[in-house]
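What follows is one chain in C-alpha cells, specifically the form predicted alone.
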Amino acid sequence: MASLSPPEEATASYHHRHSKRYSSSSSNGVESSVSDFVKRPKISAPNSISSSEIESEFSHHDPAFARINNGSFGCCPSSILALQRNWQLQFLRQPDRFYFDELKPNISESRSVIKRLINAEHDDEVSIVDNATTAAAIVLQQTAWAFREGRFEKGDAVVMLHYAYGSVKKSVEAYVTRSGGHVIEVQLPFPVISADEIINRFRNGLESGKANGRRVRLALIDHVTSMPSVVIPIKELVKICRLEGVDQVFVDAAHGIGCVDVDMKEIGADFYTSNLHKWFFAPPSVAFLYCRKSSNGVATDLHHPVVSNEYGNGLAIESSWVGTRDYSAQLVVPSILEFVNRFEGGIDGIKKRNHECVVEMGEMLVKSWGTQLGCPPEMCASMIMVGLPVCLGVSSDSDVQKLRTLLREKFSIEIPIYFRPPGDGEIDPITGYVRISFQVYNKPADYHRLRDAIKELVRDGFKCTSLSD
C-alpha cells in the first residue's frame, strides 16, 4: 500500500471522495456510503500500514517524552487532524450553507458508522456528544427528574462502583443525591485476583440497595475502570441486574471503543457511553451515548443538558446542534474508520496487539522491579497496573502526584500513578502502582525508559518523603 498522503493531499483526496458522496439527491445516499465504509474487507497483512507510516502519523508527538499514557487523553493521527482542519475551514468559509446543507447529514453519517461498529439496532439509538462525562450527565439528569417527579420513591437506590470516574461520582452527587436518591458504592478489591471477586461484591451491593423495601433504580457500571484500571465483567453484571429487577443499567465505558469489545446486543445495557478520542484515534473531544429503545420501539425520554432549538426532537437530534461550536471532531469519524482499517484486522487487530504488548511490557516491568501486576492479564485491555518497588515509600495521593511530576520533569516520562492504602495487618505491601498504556505508536524503548528510571531511583535510595510539595 502506498504511504499516507501529506495533509494537503489527504485533504484533496477527502474532497474528491466526499463531493461524489453528496452529489446525489437520493434519500439513501448517506446510508449507502456508510455501508461502503463499514463493510469494507479488512486489510490483509502484506498491505498493512507500515511502521514508518505510523511514525509519520504521530510525528507531532513530543519526541523527547516517553508517552505511555494514551489512556488519559488518547491520540489522533496527522491525516485525521488535516481532515478535521478541512471541516473547520468549510464551516468558516460559508457558515450558513454549512449549517443548512452539510452539518446534519454528515453527523448522521458519523452516527451510522458508530451504530454499525457497536452493533446497535437503530441509528437513533446513537447520539454523539462531547465526552463520557456529558453522557453521564444526560442519563443522571433523567434519573434526577424521576425522583423529583415522583416516579421514583425518595430513598430508592442507585448502585455504582467505588472506582467510578471522579467526574461521574460528582455527577451522581449533583443529580441523584440532591434529588433524594440513595447512592451505594460497591467497594472493589485491588489488586484483583479474579472476576468472581467483582461479581460477588456487586451482588452484595444490589442486596444493600434493595434493603428496607427500596428498589434499585439505576446501576452505573464501568466497563474499564480508569484508576486503578481493570476490565469489569460487564456482561455478567448486566445479567445480574436484569435478574435482580434493576430498572436501568448505564455502562460508563470511557475507555470502551478501540480498547475492548463493544457490542450493544451482547452487553444488553440500557445506556452505554464511550469516548472516541481515547482509543479510536479521534481528535478531542467526541463520544457516543447509546440509548436502547424499549421493546415497543419508543426511545427513552432523555435530553441534552444544553437546550437548543432542537429540544424535543429526540436526543440524537438535540445533540447534533447545541449552539455554535466546533463539530469537526464528530465529522471525521468515517475517515477514522478508514484509518483503522489500514491496520491488519482493523479495530479488532489493534485491540489484540495493544493488549498483548501492554501485558508483555507490564510483565517486563514486574520482573525488573520484583513486584506484581494489579490484575490477571485477561482482566486488562490496553492498560495495565504495575506495582512500584515498596522502597520508594509511596504513602499518599500527594506522594503519587509528586512522583509523577518527578518522572515527567527529570526523566521525560508521562505516566499516571495510583496509591493503594495498605490493608489491616499487611506488612510491606505494594502501595504504588503505575498505569501503563499501549497504543500503536508506542515502542518497547518507552517502557525501558520507565524501567530504568525507577531502577535509578531505587539505586539512589530515593523515597517519596524527600519530595517537597
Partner chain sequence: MEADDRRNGDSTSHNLRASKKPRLAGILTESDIRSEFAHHQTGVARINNGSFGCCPGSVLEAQREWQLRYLRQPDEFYFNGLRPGLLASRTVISDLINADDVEEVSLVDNATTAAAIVLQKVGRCFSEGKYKKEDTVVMFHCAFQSVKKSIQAYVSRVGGSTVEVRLPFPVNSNEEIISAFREGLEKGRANGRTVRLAIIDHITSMPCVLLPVRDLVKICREEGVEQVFVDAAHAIGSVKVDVKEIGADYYVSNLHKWFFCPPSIAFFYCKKRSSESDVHHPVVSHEFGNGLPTESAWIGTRDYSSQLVVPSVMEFVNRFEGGIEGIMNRNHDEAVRMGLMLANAWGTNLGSPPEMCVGMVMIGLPSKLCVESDEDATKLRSYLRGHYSVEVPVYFLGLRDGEEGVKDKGSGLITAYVRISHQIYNKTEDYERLRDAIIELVKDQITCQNLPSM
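Residue numbers count along the first chain shown, from 1. No experiment lies behind these values; they were computed from the predicted model shown.
Just so it is clear, the following notes concern the form predicted together with its partner chain, a form of the same protein that is not shown.
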* Tell me the stretch among 210 to 218, 105 to 113, 302 to 310, 234 to 242 that has any heavy atom within 4.5 angstroms of its partner chain in the model of the complex. => 302 to 310
* Heavy atom within 4.5 Å of its partner chain in the model of the complex: which of T133, Q248, T143, S320? -> T133
* **Among the candidates S368, S194, S395, S285, the residue which, in the model of the complex, approaches its partner chain to within 4.5 Å (heavy atoms)** => S285
* **Contact check for H60, F91 and R408 against its partner chain in the model of the complex, heavy atom at 4.5 Å** => yes
* To do: Please run the contact check for F65 against its partner chain in the model of the complex: heavy atoms, 4.5 angstroms, yes or no?
  => yes
* Asked: With the cut-off set at 4.5 Å between non-hydrogen atoms, does S171 touch its partner chain in the model of the complex?
  -> yes
* Partner proximity in the model of the complex: S48 to its partner chain, non-hydrogen atom cutoff 4.5 Å -> no
* **4.5 Å heavy atom contact, Y175 to its partner chain in the model of the complex** => yes
* Would you give me the residues of 322 to 348 that have any heavy atom within 4.5 Å of its partner chain in the model of the complex, in order from first to last? => V322, G323, T324, R325, D326
